[in-house]
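One protein chain, two forms: both are listed below as C-alpha cells, the first as structure 1 and the second as structure 2.
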Structure 1
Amino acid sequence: MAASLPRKIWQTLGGIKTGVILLILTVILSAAGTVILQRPTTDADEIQRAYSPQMLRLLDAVGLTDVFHAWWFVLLLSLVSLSVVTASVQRFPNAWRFFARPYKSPEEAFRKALPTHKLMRIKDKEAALRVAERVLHKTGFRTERIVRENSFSLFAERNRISEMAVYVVHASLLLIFLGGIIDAEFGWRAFLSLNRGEQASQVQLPNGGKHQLAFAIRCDSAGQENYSDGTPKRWWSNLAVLQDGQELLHKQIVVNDPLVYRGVRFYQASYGLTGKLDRLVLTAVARNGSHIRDVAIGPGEIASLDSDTTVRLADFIPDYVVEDGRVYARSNELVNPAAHLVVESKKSSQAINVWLPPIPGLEQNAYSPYTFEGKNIQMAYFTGLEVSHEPGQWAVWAGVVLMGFGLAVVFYLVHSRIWVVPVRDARGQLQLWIGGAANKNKDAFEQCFDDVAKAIECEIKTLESGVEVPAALLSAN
C-alpha cells in the first residue's frame, strides 16, 4: 500500500486530465491578473476609485492585486511544470523507441491491418523496387532498402522529427513557467514619480517599502501630446541614468518603449501637473521708463533688475482667495493665480511687497521702482514611471520562440511513412504491396499516397511494356 501511493501520485501528475486542469487554472488566473487592476502598475487612487474599501481589502488579502507575484500563483506554476515533466518522462521512452527505431519491415499481419495500401501486378521485383525508390525520392521521401534473410523491401519516410515536436512544446512551456517563477521570486515592480530636473535612486514598492537602485535616474524633461479635441495622445519623458555623478545613458521613453539598464526597466506610466510653479515670466518696467526687461524666475529665486535692484519670488498661489486679510490657496488648479514679489534696492534697506494682481492691504506696488506685468506661467509637472526588474524574462522569451518553432513543426510537418514490399498472392503471382501511414492530417496523406501509388504503377507498366509514360503522371504530390 505504501509503495502504491507514490505510484498513484506519479500517474496522477502525469495524466492528461491533471495537466489540462492545471493549465486551465493558470490561464484563468493569468486572465484575472490582466482584468483586475494590479499594483504598482495602476495608480493607488485609481484602484481605490475602482473598488470599494471592502472589496479592495479582499483583493489585497488574497493577492489578486498582484497575481503574478502571489505565492499561490508560484505554487500553481510549479505544479504545472511538475505535471509537464512527469507526463514527458512517462511517455518519452515509447516515443523515443518509435523515433529511434522505426518499423521498417512490415509483417503480413501488419500489411493486412493497414487501411491505406494498394496492390499491383509486377513481373520483376528488383525493377519494381527501383521504380518505387525513384518515384518516392522525387516526392521528397527518404528511402532505405531493407534486406532480410528471405525477403527485401523498401521503406520511405519524411518529417520523422514531428514525432518529437510535442517535447519541444513541453520544453517551451517549462521555460515560460521557469521565467514566471524566477520573476515572482526574485523580480519586483515599483513606481517612481519625478519632477523636471529631479533624480532618485530609490523606488516605491507596492507594499509601501523602498528598493534601492545601484544607480540614479533623472528626469530632464517630460511632456504630453494631445489630439485636436484635447484628449491625451501620448506622454514622453527624457531620462538619464547617473552613476557616481556621471551620465551613462540618456533616452526619451514613451508608452511601451522603456529605458532598460542593468535589467531594470523604466516605463512611462503617467504624467501631470504638480500644482506648483516652475517658472514665472514677467515684464519689468522702470518707473521712469528708462529700463524694460523680461525676467524668468522660480519660487525663492532672485533676479537682478538693474545694478541696484533685485526681485525675489516669495510665493505663488495658483488659485488664491483672500480671507481675514490673508491669502489662501483654494486649489492646486491654475484658475486664479497670484504672485508675491519682494523688490529690494541697495539705495534703500526696505523690502517692498509687490502682489500681482494687487491685493488691498497687502500690496505695496506703488512704492516699487518697477512695475510688473505677467507674461507667462510655466507650471511644474511630474512624470510617473513604472519600474520593474524581471530576471526571468530571458527564459520567457526563449520559451516563446521555442514554442513557435515547436507548434510550427506540430501543425505543418507530418510524419509520413510508406512501405513497398514484393509479395505473392494465393495463386503465386508476383505483386507489389504499397502501404502508407501518417501521424496526422490523414485525408491529405491519403491523396498524396494515391498520387505516389499511381505514379509507381504507371511507371512500372511503362517499363514492362516499353511505352513512354507522360511526364505529368511520373510526378506525384
Structure 2
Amino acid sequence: MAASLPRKIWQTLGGIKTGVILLILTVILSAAGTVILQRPTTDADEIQRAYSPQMLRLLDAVGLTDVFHAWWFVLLLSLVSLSVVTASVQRFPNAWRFFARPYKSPEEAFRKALPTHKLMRIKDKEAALRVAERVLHKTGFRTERIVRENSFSLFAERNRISEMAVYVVHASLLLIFLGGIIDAEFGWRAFLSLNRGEQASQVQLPNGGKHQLAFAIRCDSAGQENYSDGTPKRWWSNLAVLQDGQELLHKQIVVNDPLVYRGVRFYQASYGLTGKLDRLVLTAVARNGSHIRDVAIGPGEIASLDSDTTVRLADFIPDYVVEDGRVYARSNELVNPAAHLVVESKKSSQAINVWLPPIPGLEQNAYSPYTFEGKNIQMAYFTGLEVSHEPGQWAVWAGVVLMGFGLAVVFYLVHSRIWVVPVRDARGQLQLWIGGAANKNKDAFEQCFDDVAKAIECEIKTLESGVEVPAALLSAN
C-alpha cells in the first residue's frame, strides 16, 4: 500500500480530471482577482472605502486582496504546471513510439478493423504498387516500400510531426511559466523621475526601497508634443547611459520605444512640471540708460551685469501669495510668478533686494542701479521613467513563438497515413487493399482518400486494359 501511494499521486496528477479541476479553480480565482479590488493597483483609501473593516481584514487574511501574488495562487499555478508535466510524461512514451516507429505493414486484423479502406481487383502486384506509388507521390505523400519475408507492400504518410505538436505546445506553456517565475524571482520594477540635465543611479521601488544600478542614467532633454486640441501626442526624452563618467549609450525614447541597457529597460511613462524654474530671461536696463542687456539665469545662479554689478536669482515662486509680509507659494503651477533678485555691487559691497513684481515691504527696487523686466520664464520639466528588469522575458517570448508554431501544427497539419497491400481473397483472387487513417479532420481526409483510391483504380484499369502487356514483362522493367 505504502509503495503505491506515490504511484497513485502520479496517476491522479496526470489525469484529465485533475487537469480540468485545476483549470476551473484557476479560472474562478483569477475572476475573483478581477472583481475584488487588488492592493497593488488600488489606492489604500479606496479599498478602505469600498469594504467594511471586518470584511477587509478577512480579505487581507486570506489574500484575496492580492490574489495574483498570494501563496495559494502560486501553488495552484505550480500544480497546473505539474499536471501538464505529468500528463505529458505519462502520454509521451506511447506517442513517441507511434512517432518513432510508425506502423508500416498492416496485419490482417488491422486491415479488417480499419474503417477507411478500399479493395480493387488487380492482375499484377508490382505494377499496381508502382501505380499507387506514383499517385500517392503526386498527392504529396512520402512513400516507402515495405518488404517482409513473405509480402511486400507500400506505406505512405504525410505530416508525421503533427503527432508530436501537442507536446511542443505543452512545453511552450511551461517555458512561458518558467519565464514568469524567473521574473517574479529576479525581476523588479521601479520608477525614476529626472529633471533635465539630472542624472541618477538609484531607482525607486514600489515598496519605497531603492535599487542601485550598476550605471547612471542622465536625462539630456525631454519634451511633449500636443495635438491641435491640446491633448498630448508624444512624450520624448533624450537619455544617456553613463559609467565612470563616460557616456556609453545615447537614445531618444518615446512611449512604446524604450531604452535597453544590460537588461534594464527604461520606458517613457509620464512628463510634467516640477514646479521649479529652469531659466529666467530678464531684460536689465541701467538707470543711467547706458546699458541694456538680456540675462538668463537659473535658481541660485549669478550673472554679471557690468564690471561691478552682479545679479543673483535668490528665489522663484511660480504661484505666489503675500501674507503677513511674507511670500508663500500657493501651488506649483505657473500662475502668478514672482522672482526675488539680489543685485550686488563689489565696490560698495551692498546687496539690494529686487522683487518682480514689486512686493511692498520687501522690495528695494528703487535703489537698484538696474531696472529689470521679465522676458521669458522657462519652467523645469521632469520626465517620468518606468524602469524594469525582466531577465525571464526571453523564455516567455520563446515560449510564445513555440506555442504559435505548435498550435499551427496541432490544428492545421494532419498526420495522414495510407497503406497499400496486395492481398488474395478467399477464392485466391489477387486484390489491392488500400487503407487510410488520419489523426484529425477525418472528413477531409476521407475525401482525399477517396480521390487517391479512385485515381489508383483508374490508372490500374487503363494500364491493364489499354495495353496488353504481359505481367512478367512489366515487372521485369
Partner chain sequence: MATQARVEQRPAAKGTILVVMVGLGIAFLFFMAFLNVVKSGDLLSEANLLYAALIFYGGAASFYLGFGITGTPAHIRFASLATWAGLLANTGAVAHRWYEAGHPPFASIYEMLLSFVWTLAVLTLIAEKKYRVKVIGTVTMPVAIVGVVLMQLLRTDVRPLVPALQSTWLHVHVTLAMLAYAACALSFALAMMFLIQDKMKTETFLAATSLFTAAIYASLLTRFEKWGGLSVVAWSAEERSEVFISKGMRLFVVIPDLGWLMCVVLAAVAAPLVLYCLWRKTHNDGYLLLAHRMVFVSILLQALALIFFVLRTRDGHYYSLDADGQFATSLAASPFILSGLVGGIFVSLLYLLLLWRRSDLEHMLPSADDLDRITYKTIAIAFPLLTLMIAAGAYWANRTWGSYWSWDPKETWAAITWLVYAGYLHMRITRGWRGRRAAYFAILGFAVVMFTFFGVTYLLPGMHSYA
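For residue numbers, the reference is structure 1: its sequence is counted from 1. What we label the rigid core is the largest C-alpha set whose atoms superpose within 1.5 Å from one form to the other. Being a predicted model, the structure only gives us computed values, none of them experimental.
Can you tell which of the two structures I gave is the form predicted together with the partner chain?
Of the two forms shown, it is structure 2 that corresponds to the form predicted together with the partner chain, while structure 1 does not.
Taking the rigid core as the superposition reference, indicate whether the CA of Trp72 shifts 2 angstroms or more between structure 1 and structure 2.
Shift at Trp72: 2 Å or more after core fit.
Taking the rigid core as reference, does Phe92 move its C-alpha 2 Å or further between structure 1 and structure 2?
False for Phe92: its C-alpha shift is below 2 Å.
Shift of Phe215 between structure 1 and structure 2 at or above 2 Å (CA, core fit):
Moves: no, less than 2 Å.
Rigid core fit between structure 1 and structure 2: Cα deviation of Arg49 in angstrom
Displacement of the C-alpha, rigid core superposed: 11.2 Å.
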